[in-house]
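The chain that follows stands alone, in the form predicted on its own, written as structure tokens.
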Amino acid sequence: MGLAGIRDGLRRFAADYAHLPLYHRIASAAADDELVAAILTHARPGQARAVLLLAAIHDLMLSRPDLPAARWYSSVVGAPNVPTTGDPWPEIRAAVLDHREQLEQVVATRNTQTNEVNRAAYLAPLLADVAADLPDRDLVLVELGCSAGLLLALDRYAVQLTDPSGRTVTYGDPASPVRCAGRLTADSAPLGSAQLPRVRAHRGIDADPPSLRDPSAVRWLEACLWPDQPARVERFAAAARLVADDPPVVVTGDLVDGLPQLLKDATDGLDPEQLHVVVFSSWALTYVERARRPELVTTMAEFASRSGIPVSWATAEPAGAAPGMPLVGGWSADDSGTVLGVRAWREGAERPPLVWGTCHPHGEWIRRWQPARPAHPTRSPPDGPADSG
């Protein structure tokens, strides 16, 4: 992408996220500053996005809290200590230009990785419903595009959902230091089971999985979050501390090519009569070429047929990204965000795909459809945005 396209992308980000004061200011100012915007010309193909520049600058502030510009970042100084007046850009620009070569190296070698732990707010009820017909079987959780694997540990978090009447339902461990929360919309159907079966194994695959035991990798994951949203940063830090003590098994590889071996390794040595394999993906398929996505379905179908183990695929993806989960009849303009879908194989045969509901990409709100709608497509929309932040 050329410099003009980069500057246009920064302007679009600033317009889309005007409600985030710090990142709106940085993006809008960088769009008009050729020296700063040009840092993104060093990014790898397809990575020259505003969020990468913002993450690189955030990473600088986290690593150098002594910089004057760091005082504008709640993740560094704490939300109560961030100045409430003044313009952050002069100090941030000075820091960027003083560390220009370092930032160019970061954007040339990194990509944004969103570890939004609060996605557990929609994954927990979705997985509980997926497993409701097999309550006596242990789950083998397999995540596609898992990054550091924080969502694989959702059974170790306290996931609390609130319905319109104010009633709350908690999934996972109520005493967990990691607190996730979401609210059901007024038109949402009641939740199903509030029980997650025992998780026997946690496995994930990612093209470049960071280690939770590597401080620089953890800092980069934090840098990819937005300091304008301190609750996200605090939740991530709590989850990283908890999961680092007993991390899930995460392998490096292409999620399409690597899935057959991942399923085999996840179930080897275990009694197939006691298992239910649940594969899930959350804002991962948008990074996979559309023509390759059906290969995932083929792999799961073949594994279910060959092994005799029930398999479910729970998807939380932008509209049209998951095979078999395009827009359905009755979809309306306000059903934006993330589509929650289920494909399941029992006794080797696939059940009709279902659209479970929709939600905010970070789990702030959830709309459960009742009954769940068979995925009879009316049209296949383009993919959602490449990064949900």
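Just so you know, these numbers come straight off a predicted model, no measurement behind them. Residues carry their position along the shown sequence, with the first being 1. If you superpose the two forms and keep the largest set of C-alpha atoms that fall within 1.5 Å, you have the rigid core.
Quick note: we don't show the form predicted in complex with a small molecule, though the next part is all about it.
Are any of the heavy atoms in R119 no more than 4.5 Å from a heavy atom of the small molecule in the predicted complex?
-> Because a heavy atom of R119 falls inside 4.5 Å of the small molecule in the predicted complex, the answer is yes.
Determine whether any heavy atom of L151 comes within 4.5 Å of a heavy atom of the small molecule in the predicted complex, and answer yes or no.
-> Yes, contact at 4.5 Å.
Given that the partner is absent here, does S176 sit within 4.5 Å of the small molecule in the predicted complex, heavy atoms only?
-> Although the small molecule is absent here, S176 would stay clear of it in the predicted complex, with no heavy atoms inside 4.5 Å.
Taking 4.5 angstroms as the cut-off for heavy atoms, does D208 touch the small molecule in the predicted complex?
-> Judged by the heavy-atom cut-off of 4.5 Å, D208 is in contact with the small molecule in the predicted complex.
Among 301 to 309, 89 to 97, 285 to 293, 134 to 142, mark the stretch whose residues have heavy atoms within 4.5 Å of the small molecule in the predicted complex.
-> Of the options given, it is 285 to 293.
Could you spot which one of P260, P83, P164, G253 gets a heavy atom to within 4.5 Å of the small molecule in the predicted complex?
-> By the 4.5 Å criterion, the partner-contacting residue is G253.
Since exactly one of S193, T114, T170, T267 fits, which has a heavy atom within 4.5 Å of the small molecule in the predicted complex?
-> That would be T114.
Superposing on the rigid core, do we see a C-alpha displacement of 2 Å or more at R343 between this form and the one not shown?
-> The answer is no; the displacement is under 2 Å.
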